[in-house]
Ligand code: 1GP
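Okay, here we've got a single chain as structure tokens, the form predicted on its own, with questions on binding and movement later.
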Amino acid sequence: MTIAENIVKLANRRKLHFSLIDPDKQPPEVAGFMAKTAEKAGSSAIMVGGSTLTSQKQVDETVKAIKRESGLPVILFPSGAKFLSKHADAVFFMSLLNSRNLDYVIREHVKGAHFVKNSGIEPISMGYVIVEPGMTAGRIGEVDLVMRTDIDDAIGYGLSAQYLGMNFFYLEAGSGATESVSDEMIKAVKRNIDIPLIVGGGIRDVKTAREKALAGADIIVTGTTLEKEKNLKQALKEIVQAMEI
């Protein structure tokens, strides 16, 4: 069974939590500790990536440290082809559907396709859309933000991702966002698509995580929580438990 197939199987049974680790935010050994803690707290996968990376070596060293400390699948969440790593288990081969820059829609994929093929890491196709406020991801990704109230556009993007054959659809408010994707948008998109819905950005506490799970998110991603919490294991454990609906 592929990693993507296993994620879909698990998501059909229960809500999942993924931990996002940005190699630019801490040294590799700390990233390894964070991944180990996330696994103990109940996360189902570790995503590795960030919008402000400057070195491929950062990614390699972070992924290797995570693999040493955690048994969870490590899935790359790359901002570009130059930040891929052969040490990961899989990569979200994602198209930033609302970017004005074709590099993020398809050209970076062309650059990275040979690497993915030759390295043997699993490509997991995903439609990725950034929603207001968007934060750094929206700025660097050069997106036309989907406004929080523009639910029809969000549904359209979700259906387009599905019709293009993508495995997952991701609604992202941006790391550190003051507002997460609205419950109304999540509910509407979930009602209209048949592929798993991932939601991230601005989810930092138990209440918000539970609201997004109840609204219909199949997978919730948290990242800033990992970087800022002193009692990381407890914070993540409470978020994962809050998603048990």
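These numbers come from a predicted model, not from an experiment. Just count from 1 along the sequence shown to find any residue number.
Beyond what is shown, the protein has a form predicted together with SN-glycerol-1-phosphate (1GP); the following relates to that form.
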Can you tell me whether residue 83 touches SN-glycerol-1-phosphate (1GP)? I mean in the model of the complex, with a 4.5 angstroms heavy atom cut-off.
no
May I ask you to state whether residue 172 is within 4.5 Å of SN-glycerol-1-phosphate (1GP) in the model of the complex, using heavy atom distances?
yes
Does any part of residue 128 reach within 4.5 Å of SN-glycerol-1-phosphate (1GP) in the model of the complex? Heavy atoms only, please.
yes
Within 4.5 Å, heavy atoms only: does residue 236 come near SN-glycerol-1-phosphate (1GP) in the model of the complex?
no
Choose from 27-35, 198-206, 182-190, 52-60 the stretch whose residues reach within 4.5 Å of SN-glycerol-1-phosphate (1GP) in the model of the complex, heavy atoms counted.
198-206
Using heavy atoms only and a 4.5 Å cut-off, determine which of 45, 177, 213, 65 is in contact with SN-glycerol-1-phosphate (1GP) in the model of the complex.
177
Given a 4.5 Å distance limit between heavy atoms, list every residue of 208-223 close to SN-glycerol-1-phosphate (1GP) in the model of the complex, or none if there are none.
221, 222, 223
